[in-house]
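Included below are structure tokens for two forms of one protein chain, each presented in isolation as structure 1 and structure 2.
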Structure 1
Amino acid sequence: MDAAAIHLSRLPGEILAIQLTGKWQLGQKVPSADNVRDELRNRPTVKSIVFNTDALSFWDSSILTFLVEIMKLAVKEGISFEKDGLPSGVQQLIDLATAVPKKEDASKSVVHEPFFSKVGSETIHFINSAGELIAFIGETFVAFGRMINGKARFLTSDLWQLIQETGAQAVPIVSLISFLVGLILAFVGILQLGLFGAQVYVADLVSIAMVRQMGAIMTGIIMAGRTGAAYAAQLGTMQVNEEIDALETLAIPPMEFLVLPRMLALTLMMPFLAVYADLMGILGGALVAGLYNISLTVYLNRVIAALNLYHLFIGLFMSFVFGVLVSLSGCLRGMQCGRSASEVGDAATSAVVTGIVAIIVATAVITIICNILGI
């Protein structure tokens, strides 16, 4: 098998002759343009480059990349590039490849940014995105106001469908997770309380923790991963397909038609799911208590004694806030989505991250406020 090779020679009149021989095939080893570059550097007087391909037995795109590289080199050095000696197919393809000049003014090229300018542009980006967030919240309020006036334009059938998707269909996963969380809390609690012989108070621990915080937090996080991501992906895909443009040009505001029912569905369903999660968690605790010989009656009596309405209301309030936050971040990221498949993925990821961060921050704030208020 004759391998691809080049032979450089000098012809009179400052001409560099390049002889291409052998079989030029992608995936095989082919010479690189560096040899030619070195040659030109060593002899800067060269005025033109010619080719000889008599011994060339086979070629494909590999030869083109090689030649285009040399051609660029030649243009840069002001050397004339004579393609006459090349196969006609190669000549045509080179013409095609160089026919449309590279679009320069669009300036997509990655320039190395100095550190401070990077910090600056990141800051500006951050301020802009904060502005977008506030604008989005504002638009949501406007849409909500129009709904209260009965003027918002969305399909009730869409709303029911979304309620079913975010509510009923989330029950299995919420059951599993909150049952296990209740179980874990009970195990940890019963071991510690056992040291003081106060095992029975595990019912207080589990019920207050679940109802006040964990029920809402766990459903919030589940819904961020489940529904927040789904919202972002749905809206993002609609953005990619110009479906949102199609709504806008029909004077149907996407904020009302798409965002409003999604936010309503999740915000309405979240408190229900949270209460359900509370019950499942308490049930999980009961199972562990049973294993440690605390009877169900005793456990339930302790639960009833421990809980008061404050706990329930704080839990419900938190779940409502989480519903707003999760659906807001899902819809925001979806509506901001660009026009490619990878941006849909980014939107979904970012919706989950934003949702979870928002949940944790909101929990901290609410807990601190409750502490100050002493409830």
Structure 2
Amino acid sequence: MDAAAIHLSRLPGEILAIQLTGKWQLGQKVPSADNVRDELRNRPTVKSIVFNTDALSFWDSSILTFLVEIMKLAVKEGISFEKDGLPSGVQQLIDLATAVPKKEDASKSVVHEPFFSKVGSETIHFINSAGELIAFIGETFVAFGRMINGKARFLTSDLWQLIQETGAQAVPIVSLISFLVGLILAFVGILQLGLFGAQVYVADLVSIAMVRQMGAIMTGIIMAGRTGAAYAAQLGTMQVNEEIDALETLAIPPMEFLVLPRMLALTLMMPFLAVYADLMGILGGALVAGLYNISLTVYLNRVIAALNLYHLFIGLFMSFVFGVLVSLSGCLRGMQCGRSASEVGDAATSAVVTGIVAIIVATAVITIICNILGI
């Protein structure tokens, strides 16, 4: 077996020729780059390094290690590295080993955009986003219409699993937050009502606030951070993995197979979670009332007297609207996700922000309408 070896020679024009001979094989002793380094030190006038591989009988990745070291020496000394004399396979491996992907943001610099230009850009972006939102809502209504006609294609097992994830699995966090909100409302209310000797009316304050608005609002915010972000991350990951493209290739509409069951699950479970949140908030208020010597019987009687069906229906309607808004925000941001891992995180963050903003705006609109209608 021919051992791997190198032979150095100097050609006219200050060129150092390196001849590679024998078999370059892993597990065998191969020459190091020290001889070439010493040669370059002895001949500082060398301007170029060329190769001759006519006597090279076999090679593997061991030769690549040697050549990369020579390249580093050439770059350090400012010498031209000519790889034309190497086998084509070696040249391709060198190109692959030394390839550095372009960093997209490397050439970015801070650009101070004029004020009116920035306003125009933001306006165009807002208009485009509004158009995408309207188109998404339209596709959702079409998918819902197909479901009513029995033509929508999605797995019933997926729907039941999503109902469990958005319903039963959300009960612990809804219980904790709603109980604490009711407790806080009772503390704030009873301290102020105590100035007039009307502590008993804390039951009216807590029950009306929780049933009419706070139960639905807090449940909506919880689900925006918990479920809305999860929807965006799930659909965004599918975008990155090209699973949604695969569904479209198979003629399966993603709106029906992915978005519709998620929106149905959250929209159906939100009223139930809101009612449960109302009960937990009222119990939190009862705990505070007990600390101030208000009996549970008196507290519950005041709750029953204060509440009516208008308060309950308004709270249920708000929770239903919040379910639609949160699921719509999560699915929309997930479907808009880009093709990189960082885009998935951005989509989840955007889904939470969009969902919470939509909840606050919807609460203001519904409250104003209820005041106008006198209910």
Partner chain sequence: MDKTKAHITISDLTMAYGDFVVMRDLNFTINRSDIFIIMGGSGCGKSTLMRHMVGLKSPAKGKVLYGDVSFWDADPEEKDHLKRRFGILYQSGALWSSMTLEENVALPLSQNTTLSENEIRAQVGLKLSLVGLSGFEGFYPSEISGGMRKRAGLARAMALDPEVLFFDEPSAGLDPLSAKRLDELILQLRDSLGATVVIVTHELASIFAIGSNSVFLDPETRTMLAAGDPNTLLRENHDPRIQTFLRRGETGETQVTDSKADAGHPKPDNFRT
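Numbers follow structure 1, counted from its first residue as 1. Since this is a predicted model, take the numbers as computed values, not measurements. Whichever C-alpha set is largest while still superposing within 1.5 Å between the two forms counts as the rigid core.
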Worksheet, complete the sentence: In this pair the form predicted in complex with its partner chain turns out to be structure 1
Worksheet item: By the 2 angstroms cut-off, has the C-alpha of Ala348 moved between structure 1 and structure 2 once the rigid core is superposed?
Response: no
Worksheet entry | Did Phe136 shift 2 Å or more between structure 1 and structure 2, C-alpha, core superposed | no
Discussion item. Rigid core superposed, CA of Lys151 - does it shift 2 Å or more between structure 1 and structure 2?
Written reply: no
Item to complete: Report, to one decimal in Å, how far the Cα of Leu20 moves between structure 1 and structure 2 once the rigid core is superposed.
Response: 26.8
